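Below you will find one chain, with nothing else, as structure tokens; this is the form predicted alone, and questions on how it binds or moves follow later.
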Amino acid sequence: MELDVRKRIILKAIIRNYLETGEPVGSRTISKYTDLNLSSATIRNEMADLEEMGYILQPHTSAGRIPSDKGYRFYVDTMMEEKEREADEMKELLLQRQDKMENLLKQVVKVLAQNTQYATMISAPNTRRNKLKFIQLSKVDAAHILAVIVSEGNVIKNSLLDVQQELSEETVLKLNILLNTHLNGLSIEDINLAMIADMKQQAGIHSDIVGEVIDAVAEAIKADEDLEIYTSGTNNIFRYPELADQQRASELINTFEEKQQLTGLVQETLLEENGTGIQVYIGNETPVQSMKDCSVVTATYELGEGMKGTIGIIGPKRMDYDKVVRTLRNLQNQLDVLYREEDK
């Protein structure tokens, strides 16, 4: 006989109340403990069914009920299923948010190129000195677990870890609790050897997994070496004769396609003292060699939770500086609003 919704609620209420008080639980207590709006007589009948099914016990005549081993097993299994479902739902929401951010940045850089008629770029939010928000370990198969690591700004990194022997769901749940209790809200600089040793000791025979997860966390929340940069309007270069000769145009286009040199430009902008101003590089002032015949104007944008990135506009030295600076200042103010709208 399967437990219906009413019996499940009553059983959970019995177990939670017993865990809190250590005293047998009666029908009156359950009637106050749940929102079922059932009479004590109806609850007594349900409790009698649960006892007959082996989920609860009556230690003494006319006493309340306590959970049996079978009842505890139901509670633990159900709790783990709920936690896994909550984690999956959170992961799905965060992935959706990440996709929305990527789409937002691509849209912004495209519109920026159309409005200015110059080449444009925008970097994804920088994760330097980021803090950990959430870790979720999940079984993949007997030999692997998946570590989903969520850092500030809801940046998600996945890491597939090998395990020497298959882990039970209860073990995975305990490891999740251990890791999140110790690590949530910390930056990589906050995680010290004493903390790691304490977690490994608590993990016992699974200490190697703790070590691997911490390595994965360090990899996820350190400064991202493969910075994501979106570009648009590269063909606008050909609108300006001083940039349109074959060699110069080819070098600029390669820079936008390969993007490696753009990373240095992003990092220099983010290291600016106040981190929010606008910088103008003219000719040889730019850190990108292929742009020595250009002017480059950059700005730092900031979204929620301290996420920062760089916007850049690249054009000829005779670019309309007033329009470009005004456009970037407006965009700085609008990006957070746009992001919040995309996130709804």
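In this text, all values refer to a predicted model and were calculated from it rather than measured experimentally. Start at 1 and count along the sequence shown; that's the residue number.
Below, we turn to the form predicted in complex with the DNA, even though it does not appear here.
### Message
Only one of these stretches, 278 to 286, 315 to 323, 293 to 301, 39 to 47, has heavy atoms within 4.5 Å of the DNA in the model of the complex; which one is it?
### Response
The contacting stretch here is 39 to 47.
### Task
Please pick, from 13, 25, 335, 328, the one residue with any non-hydrogen atom lying within 4.5 angstroms of the DNA in the model of the complex.
Partner contact (heavy atom, 4.5 Å) among the options: 25.
### Task
Please run the contact check for residue 67 against the DNA in the model of the complex: heavy atoms, 4.5 angstroms, yes or no?
No.
### Message
Against the DNA in the model of the complex, would residue 63 count as a contact residue? Criterion: heavy atoms within 4.5 Å.
### Response
Residue 63 belongs to the contact set for the DNA.
#### Entry: residue 6, heavy atom within 4.5 angstroms of the DNA in the model of the complex
Yes, residue 6 lies within 4.5 Å of the DNA in the model of the complex.
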